[in-house]
Structures are given as C-alpha cells and as structure tokens.
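Only one chain is included here, represented as structure tokens and corresponding to the form predicted alone.
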C-alpha cells in the first residue's frame, strides 16, 4: 500500500489525513509539538469560527486569485460544514455568516479530528519535527524527531510564521526551498496594530463598536465596522484585525466612534455642553483633552490614528506570503517535485478575518488529498 506522510498536525494536516484515510490510504501525521491542533483550538477567540457562508475569492490575498476561486468552487463552505458534521457535531452561522460549532468551543472541533484520526487508524507521531526532506529513486526520505522514515507522497502542512507559540516558526519554508521553491515576502496579518502613542494615550482598555477606514496618502484601502479596542501600544479588535490585512506603517486610520449617529445630530447633542450618554466616560475625558469643544463632533466621526507597524508574528493569526500558488498545480502539488503537496498557511494565500483562513485550510487539504490519490 502506498504511504503518505503529512508534515504538520494543524487544521489542514488533520483534515488531509482524514480525507486520505477515508479513501483507504496509509497515512502518518508528523507533528513537532506535543498535541495536535493547538492553533485550531484557539481559533475564533476559542469559539471555533471554522468557515463563513459569504465565501468567495474576494476575501483572500494571493498571487493567483483565480486558482483560489476554482479551489473554493470545488470545496467551499457547504462542503466544509458537511465534512465537519460527518465527524459529529452541529455547525451554525451567526448573523455575520461566521460558522461555529453549536457548542461554541474550538477545542471540541480539534477533539472531533483527534477522535476521527484514531477511528481511522491514522498513525500520529508527536514531538517529531522534520529537519530533513529529500526525494530519491525510492521516494521521499525524511528525518523526523531524529528518526528516518520514508513515504511515497508528502503533504507539507506545517504552517507559516504566525503564532510561533503554537509551533509555527517558518522552518518549513526551508523544506520547500530544498526542492527549488521560492518564498514570497512574508509579514504578519490579522494582527494588532502599533500606532502613534500620542493618539491612543489615555484610551487603554476602551472598546467601541466603530467604523474604521485605512488611508494611504489619501487613498481609501479598507472600510469596515466592528470592535475596536484601544491598547497601550495601539489598536486591537476584530475590525482592526481585518484592517491589518491592508494597513502598513505610514498609513492613517480614521475611526468613526459613533457610526450610527449622523454628524448633524451629533453636533446638536454636543450643543448641550456634555458628552454624557454619547460616548464612554473615559473616552470622553480623553477626547476633551485632544480638541476644543467645537471640534469634538468632527473628532468623534473621524478620529485619526497613525499606523507605525504591527505587534508582529507572535500576536498574528496568519502569515501573509509563502510558497506561490503559481508553483503548484490545481491539486496543490509542486510543479518542481511530483508527489510533494502543500496545504494551508504555508502557501501564499491568506484570508480576511471571519473563518476564511480555516476554510482555506480545509479547501487546500481536500485538493491535496485528491491529488495524492490521482498521483498514485
């Protein structure tokens, strides 16, 4: 029986293993950490946002958006929900289309995968960091956890550089480079933004439902709405995570602190001489220090914050960049080495906040599993 080794026990690695094992393939998962699915267990603020009903390639950043669109057409939101529910559980969308397990517990999604891998007899080796990967006349040879092993096909599902506390430190890129692959420039995405300290001074801990715009030299790059949390170093919250996919140092963020209130109504209310019952009292005190009363209405609708950077990979949810999709075929097999496949975050494809990155993990896993079967 042909044997496939999957490097990485995250969402895409576990999903690929399930797809293959259900087709009768012999599969081994090599995970460098001591547990499978650590990052999956933390997704969606621990609630498990696995996909989004508003699925489409327009929610992704990639060197080949048309290939992303074709991939999602083959395995999208509906297919993902059916796949997850085939292992157990119920998955439901919220008002914004984000799909969660009914129990709102991300770790339970990981437990579903662990149980299914055990049921299917998939071999899982923990503490098995892969330090060597090569191909010869007898197939692939790997050095994992100090032990030599072989495979007919390899799926590289080891993630990028985001959230290194979960074991993703970018070392898997070197395994791909060994076969001649290139790596597009990488940077953290879906991450808190560092901002001009003077702009956020006195606002730490204040959370608002706000409108948010990203401007670069006056050009609008992003506009959205959601939670904005002021931190000691800048901005956090789901609206900021989404904006971080577009923003970079030197950009300007404008925050509409009262998106449901027209400027005219706001000016009328401020004419009463108080910010009470208009904004959070802590926010009111900070705003009154920043502008004279006649300018408060304008400041509330367009609160400016200059971006100086991000908090980096340690706090990022995903990596922007990676192995170009152009270096893979439609099943995400390497164009440089037959039998070598890539899934998930290691590829130069990342999505917006809201379940899109886990959808890519499952989509790419499905494509790779189909490719492995065709390869044999």
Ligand SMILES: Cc1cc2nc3c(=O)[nH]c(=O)nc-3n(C[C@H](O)[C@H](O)[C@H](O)COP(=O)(O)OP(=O)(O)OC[C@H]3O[C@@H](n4cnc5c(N)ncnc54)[C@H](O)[C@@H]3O)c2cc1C
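Positions refer to the first chain, counted from 1. Computed from a predicted model, the values in this text were never measured in an experiment.
Keep in mind that the form predicted in complex with the named molecule is missing from the display, and what follows is about it.
The closest heavy atom approach of residue 318 to the named molecule in the predicted complex falls within 4.5 Å. The named molecule in the predicted complex comes within 4.5 Å of no heavy atom belonging to residue 199. The shortest heavy atom separation between residue 11 and the named molecule in the predicted complex is within 4.5 Å. The closest non-hydrogen atom of residue 372 lies beyond 4.5 Å of the named molecule in the predicted complex. Between the options 57, 333, 311, 42, the residue in contact with the named molecule in the predicted complex by a heavy atom within 4.5 angstroms is 42. The candidate spot formed by 32, 49 and 158 is fully in contact with the named molecule in the predicted complex: every one of the three has a heavy atom within 4.5 Å. Heavy atoms within 4.5 Å of the named molecule in the predicted complex are found in exactly one of 231 to 239, 176 to 184, 126 to 134, 218 to 226, that being 126 to 134. Contact residues in stretch 143 to 168 (any heavy atom within 4.5 Å of the named molecule, taken in the predicted complex) are 157, 158, 159, 163, 166, 167, 168.
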